[in-house]
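Consider the single chain below, provided in C-alpha coordinates and representing the form predicted on its own.
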(Lines give C-alpha, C1' and ligand atoms only; values in the text may rest on other atoms or scores of the structure.)
Protein backbone atom coordinates (compact mmCIF):
# COMPACT_ATOMS: atom_id res chain seq x y z
CA UNK A 1 0.00 0.00 0.00
CA UNK A 2 1.25 3.48 -0.91
CA UNK A 3 2.14 6.00 1.74
CA UNK A 4 -0.53 8.69 2.04
CA UNK A 5 0.37 12.37 2.05
CA UNK A 6 -1.81 15.38 2.88
CA UNK A 7 -1.47 18.50 0.76
CA UNK A 8 -2.80 21.62 2.51
CA UNK A 9 -3.74 24.59 0.33
CA UNK A 10 -4.70 28.15 1.18
CA UNK A 11 -6.81 29.47 -1.70
CA UNK A 12 -9.14 32.27 -2.73
CA UNK A 13 -12.72 31.35 -1.86
CA UNK A 14 -14.77 31.73 -5.02
CA UNK A 15 -16.50 29.48 -7.57
CA UNK A 16 -14.18 27.47 -9.80
CA UNK A 17 -11.14 27.22 -7.55
CA UNK A 18 -11.77 23.59 -6.59
CA UNK A 19 -12.40 22.79 -10.24
CA UNK A 20 -9.00 24.21 -11.23
CA UNK A 21 -7.22 22.24 -8.53
CA UNK A 22 -9.02 18.97 -9.29
CA UNK A 23 -8.50 19.56 -13.01
CA UNK A 24 -4.76 19.58 -12.42
CA UNK A 25 -5.03 16.10 -10.90
CA UNK A 26 -7.35 14.84 -13.65
CA UNK A 27 -5.02 15.96 -16.44
CA UNK A 28 -2.16 14.04 -14.83
CA UNK A 29 -4.28 10.97 -13.99
CA UNK A 30 -3.48 11.38 -10.30
CA UNK A 31 -6.13 10.13 -7.88
CA UNK A 32 -7.26 12.15 -4.86
CA UNK A 33 -8.28 9.82 -2.01
CA UNK A 34 -9.94 12.46 0.16
CA UNK A 35 -10.86 16.15 0.15
CA UNK A 36 -11.76 18.46 3.01
CA UNK A 37 -12.45 22.16 2.52
CA UNK A 38 -13.67 25.03 4.67
CA UNK A 39 -13.66 28.85 4.60
CA UNK A 40 -11.29 30.61 6.97
CA UNK A 41 -11.12 34.06 8.57
CA UNK A 42 -13.60 36.39 6.83
CA UNK A 43 -14.56 33.83 4.16
CA UNK A 44 -12.47 35.36 1.39
CA UNK A 45 -10.09 32.38 1.59
CA UNK A 46 -10.53 28.68 2.10
CA UNK A 47 -8.31 25.89 3.36
CA UNK A 48 -8.28 22.68 1.31
CA UNK A 49 -6.76 19.40 2.44
CA UNK A 50 -6.12 16.74 -0.20
CA UNK A 51 -5.30 13.17 0.79
CA UNK A 52 -3.19 11.55 -1.95
CA UNK A 53 -0.97 8.53 -2.39
CA UNK A 54 2.72 9.37 -2.63
CA UNK A 55 4.55 8.58 -5.84
CA UNK A 56 7.31 10.06 -7.99
CA UNK A 57 4.93 12.66 -9.52
CA UNK A 58 3.93 14.27 -6.23
CA UNK A 59 6.71 16.88 -6.04
CA UNK A 60 5.81 18.12 -9.52
CA UNK A 61 2.12 18.24 -8.60
CA UNK A 62 2.90 20.41 -5.55
CA UNK A 63 4.94 22.80 -7.70
CA UNK A 64 2.14 23.06 -10.26
CA UNK A 65 -0.51 23.70 -7.59
CA UNK A 66 1.65 26.50 -6.17
CA UNK A 67 1.63 28.19 -9.61
CA UNK A 68 -2.18 28.35 -9.81
CA UNK A 69 -3.46 31.93 -9.62
CA UNK A 70 -5.89 31.39 -6.74
CA UNK A 71 -3.48 29.34 -4.60
CA UNK A 72 -1.67 31.35 -1.93
CA UNK A 73 0.20 28.60 -0.09
CA UNK A 74 0.87 24.87 -0.46
CA UNK A 75 2.08 22.69 2.42
CA UNK A 76 2.94 19.02 2.23
CA UNK A 77 2.33 16.89 5.33
CA UNK A 78 4.23 13.64 4.87
CA UNK A 79 3.10 12.29 8.23
CA UNK A 80 -0.59 12.80 7.51
CA UNK A 81 -2.77 15.48 9.06
CA UNK A 82 -5.20 15.55 11.95
CA UNK A 83 -8.08 16.63 9.66
CA UNK A 84 -8.25 13.20 8.05
CA UNK A 85 -7.45 11.44 11.33
CA UNK A 86 -10.47 13.03 12.99
CA UNK A 87 -12.69 12.34 9.99
CA UNK A 88 -11.81 8.65 10.14
CA UNK A 89 -13.42 8.51 13.59
CA UNK A 90 -16.80 9.25 11.98
CA UNK A 91 -16.68 6.32 9.54
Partner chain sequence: MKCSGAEIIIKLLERQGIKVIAGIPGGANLPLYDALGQNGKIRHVLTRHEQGAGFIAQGMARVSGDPAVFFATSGPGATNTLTAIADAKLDSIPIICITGQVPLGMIGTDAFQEVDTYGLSIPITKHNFLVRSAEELFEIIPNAFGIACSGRPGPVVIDVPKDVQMAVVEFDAWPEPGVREAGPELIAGEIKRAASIINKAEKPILFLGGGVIQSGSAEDALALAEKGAIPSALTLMGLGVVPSDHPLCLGMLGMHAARYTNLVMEECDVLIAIGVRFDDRATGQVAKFCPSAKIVHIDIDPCEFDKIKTTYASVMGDVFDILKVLLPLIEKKDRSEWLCEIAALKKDNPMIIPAVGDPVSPYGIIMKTAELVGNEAIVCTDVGQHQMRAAQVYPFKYPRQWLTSGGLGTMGFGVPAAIGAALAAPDRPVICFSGDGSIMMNIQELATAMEQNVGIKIILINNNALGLVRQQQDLFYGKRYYASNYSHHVDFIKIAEGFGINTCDLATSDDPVADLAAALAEPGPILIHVPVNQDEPVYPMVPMGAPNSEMIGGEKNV
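Bear in mind the structure is a predicted one, so any value in this text is a computation, not a measurement. Numbering follows the first chain given and starts at 1.
Here the subject shifts to the form predicted in complex with its partner chain, a form of this protein not shown in this document.
Q: Would you check, heavy atoms only and a 4.5 Å threshold, whether residue 60 touches its partner chain in the predicted bound form?
A: Within the cut-off, so yes.
Q: Indicate whether residue 77 is a 4.5 Å heavy atom neighbour of its partner chain in the predicted bound form.
A: The answer is no: residue 77 has no heavy atom within 4.5 Å of its partner chain.
Q: Given that its partner chain is not shown alongside this chain, does residue 64 nevertheless sit within 4.5 Å of it in the predicted bound form, heavy atom to heavy atom?
A: Within the cut-off, so yes.
Q: Give a yes or no for residue 72: in the predicted bound form, does one of its heavy atoms lie within 4.5 Å of a heavy atom belonging to its partner chain?
A: Output for residue 72 is no: heavy atoms all beyond 4.5 Å of its partner chain.
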